[in-house]
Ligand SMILES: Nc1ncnc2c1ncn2[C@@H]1O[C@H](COP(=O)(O)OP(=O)(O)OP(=O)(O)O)[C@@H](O)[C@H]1O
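In structure tokens, the next block holds one chain alone, the form predicted on its own.
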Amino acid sequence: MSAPNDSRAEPHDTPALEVRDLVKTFGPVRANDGISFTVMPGEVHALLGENGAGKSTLVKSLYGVHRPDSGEILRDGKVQHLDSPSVARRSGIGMVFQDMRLIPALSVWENIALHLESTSGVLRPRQLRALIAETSERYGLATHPLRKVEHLSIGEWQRVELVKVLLGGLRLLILDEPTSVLTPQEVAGLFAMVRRLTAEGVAVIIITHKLREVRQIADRVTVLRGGRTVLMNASPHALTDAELITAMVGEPVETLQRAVTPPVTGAHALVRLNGVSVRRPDGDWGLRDLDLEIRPGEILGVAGLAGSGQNELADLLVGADGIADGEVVVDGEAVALPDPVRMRRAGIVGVAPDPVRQFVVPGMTVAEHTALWNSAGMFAFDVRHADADLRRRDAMAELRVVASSRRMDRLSGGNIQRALLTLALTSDARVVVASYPTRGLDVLTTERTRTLLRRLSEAGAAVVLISEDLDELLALSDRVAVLAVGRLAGILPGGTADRNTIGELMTGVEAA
């Protein structure tokens, strides 16, 4: 067992991966319909397309999760029969899934040991922990082997996933939406790691919706639409953003222009946090002495490095977490012990940061999830049900939510996100706490989601937008609150803030 070699592979014309006319069906659905593309050693190949275009099905076939109905997969010029992930790993293929697959109750090293057992045999714990520490340092992936996974932030989860696949001795790395959980600083670290890998001759496939990042990291790009290849092995630098988006969607997409709204002055705060502190389960402070106001008719953006207190803030606002010190005031009344029922009745709803783990009830349909959501909020507001149902149907059409009879746990991550957004954004809520609402969504759905958030604030609701996408925060927010190590580093006006200033505050530089 070893990480990739230090020396770059000699240049040659044999692709690291070649896909020829790959077909995969699920009943009547043709998820992949004759897909072809190639990936060369030492290159980053971006795989683009809308949710449902067939990207995840394709890479799962490359990783042995699915068996193609027809077509060929070649590694280094040789046809491969990838019958399982363990076979794929033995052929040098590693994959980091969008819905990361770690066991929360186990430590970092225990999760990695389970992954490596099928390819490397059993390792002594001390030996494995040393390898984890060495690989983490080598590739700039700060990871502590002894920490419990359940106590890690989402960004830290991903670092563990990356260390896990690196220790498998990979020659082809597949990254499914890897930056959707990362801040700009973490994205820079990830891309530095990717460049180190490609310098060692490793081929990388990256699925992403962010064109800025495609231009930063990708050597070539392939676009899927409706399960078919519509653009193959192209240079991203030879195409405009509009051309790439049109290839993905099949039509031009109008992006949301930032609305110029007057500052909210003198408005009565719907929620006010006075000196609030929150402890994490491991005893560390999640939030420290936080003073913050949430006002009607505004989008309050929240930025910060992974683990800076964003999740604790979201949990506190929806009543999923208590406070160790300070005061939470809702509608001018102090709430001694915030809980989900109390906060929901006050009109506060949330979009979970990880819908697959935190929202989905296995075995239940989209319609049954809707019924559960409605019953949870039935005492919350004076809702005119007919109007709410009409708005929900409109939002479902706008966000392209799948049929309500489908089982939620059988949907893609993007479709699960769409369903949750529809429920949250049509709840007549007074405060919507949206944690990473566009994570993993395609370009078209992302723009429609942002439009719905803006409409909510224009209708008088408050939106707390927690996002690692600074472009998104700057485009939507009236104010941007920056957290650093659980403390409020500063609040900037959304219209005039810039990425560099926010980045400095994220790292703990005090606001002027």
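The first residue of the sequence shown is number 1, and the count goes up from there. Keep in mind that what you see is a predicted model, and the values were worked out from it rather than measured.
One more form of this protein exists, namely the form predicted together with this ligand; it is left out here, but the text below deals with it.
Chemist: Quick one: does residue 459 come within 4.5 Å of this ligand in the model of the complex, counting heavy atoms only?
Modeler: Result no; residue 459 lies far from this ligand in the model of the complex.
Chemist: Using heavy atoms and a 4.5 Å limit, would one call residue 52 a contact residue for this ligand in the model of the complex?
Modeler: Residue 52: yes, in contact with this ligand in the model of the complex.
Chemist: Counting only non-hydrogen atoms and a 4.5 angstroms cut-off, does residue 61 reach this ligand in the model of the complex?
Modeler: Close contact is absent here: in the model of the complex, residue 61 is far from this ligand, nothing within 4.5 Å, heavy atoms only.
Chemist: Against this ligand in the model of the complex, would residue 484 count as a contact residue? Criterion: heavy atoms within 4.5 Å.
Modeler: No, residue 484 is distant from the partner.
Chemist: Find the only residue in 410, 144, 212, 151 having a heavy atom within 4.5 Å of this ligand in the model of the complex.
Modeler: Residue within 4.5 Å of the partner: 410.
Chemist: Among 452, 474, 443, 31, which has at least one heavy atom within 4.5 Å of this ligand in the model of the complex?
Modeler: Of the listed residues, the single hit is 31.
Chemist: Exactly one stretch in 33-41, 459-467, 443-451, 52-60 has heavy atoms within 4.5 Å of this ligand in the model of the complex; which is it?
Modeler: Looking at the partner contacts, the answer comes out as 52-60.
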